[in-house]
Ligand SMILES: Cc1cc2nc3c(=O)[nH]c(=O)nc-3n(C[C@H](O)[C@H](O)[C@H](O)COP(=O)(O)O)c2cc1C
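The form predicted alone is given below as one chain in structure tokens.
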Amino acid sequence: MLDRALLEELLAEVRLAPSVHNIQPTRWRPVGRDTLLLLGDISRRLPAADPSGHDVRLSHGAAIEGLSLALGRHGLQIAQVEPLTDVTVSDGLQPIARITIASGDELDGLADVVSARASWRGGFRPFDQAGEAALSRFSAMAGNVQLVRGADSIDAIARLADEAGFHFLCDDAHRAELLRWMRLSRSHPAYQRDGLNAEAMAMPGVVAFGTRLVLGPLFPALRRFGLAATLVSERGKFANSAVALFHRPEGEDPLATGRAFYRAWLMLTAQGLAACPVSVLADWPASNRQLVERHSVPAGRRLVNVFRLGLPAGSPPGGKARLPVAELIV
């Protein structure tokens, strides 16, 4: 069922799933003709930003959902996902899940927008009538989302996002880790392979160069003089946007959370909306708590992430930095 040619075709699509900082930690090992082992590359972790490994595991979950969508094109489906509790690491790979493949599934409609989904870090244009209708359709479809509208509410969230982002940037280890995964020059050897490149972050060359200085050697002095917070502010990017609070059941395995997160993002894309996760709002306990309280996230639910979303003012980036398929099969 899963010969090498089919596996390569599947993974060419699966690799388009989102991962934290675009680190792409998921690897695949075929076992027989109907089973895949999902393994985590332990060299692709974020000890400063994600010390518990939650976001990496969520990224593995998004890859599983990507596999499910890709399999539907071939009349196949995931029959079982068995999380593996054996944490034995061999050759730098940690077993995460055993996935059994079976025949007999219809193509999921969200598969059609996999290639179009992207993180939109540019600005938004005002919602028109069609945009409002798209937002209403998304809100009705996505059961894991709390939608926030209104200029005052959005501006309050934008201010809180700046506060949360600056909180993390003031941690030297966190900032250095972020810089290691940023590809701010086209001459970077991994510019088209992984991480956060300047094109994906909507940074023209001079802005990317300045960002490298602001987050690098100049940050301590800029912070000392009270300038750093202003220079790293992204409050303006919330103009004309809506905000979606993505929540899931407390205690849920991040593998399942990641699958639902990817589907929610694809639902946005299917409605012609563009979105960018503002993960710091969920990651910082202070901002997470404020959003849950202010916007009545239901009891028993955990705020996992926050989307800034709307009608894109411009065109999405042309390409996506992804590892070659051959490197994903181990």
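If you're wondering where the values come from, they're calculated on a predicted model, not measured in any experiment. Numbering starts at 1 and runs along the sequence shown.
Although it is not shown, the form predicted in complex with this ligand is what the next lines describe.
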Checklist entry - Would residue 279 count as touching this ligand in the model of the complex under a 4.5 Å heavy atom rule? => result yes
Next on the checklist: Taking this ligand as it sits in the model of the complex, is residue 311 near enough to touch it, meaning that at least one heavy atom pair lies within 4.5 angstroms?
Outcome noted: no
Item to check | Residue contact check: residue 11 to this ligand in the model of the complex, 4.5 Å heavy atom | outcome: no
Checklist entry - How about residue 94: is it within 4.5 Å of this ligand in the model of the complex, going by heavy atoms? => result no
Item to check | Proximity to this ligand in the model of the complex (heavy atom, within 4.5 Å), stretch among 116-124, 208-216, 94-102, 183-191 | outcome: 116-124
Item to check | Heavy atom within 4.5 Å of this ligand in the model of the complex - residue from 196, 169, 256, 81 | outcome: 196
Item to check | The single option of 266, 58, 38, 69 touching this ligand in the model of the complex, heavy atom within 4.5 Å | outcome: 58
Item to check | Within 1-30, the residues that have a heavy atom no more than 4.5 Å from this ligand in the model of the complex | outcome: 16, 18, 19, 20, 21, 22
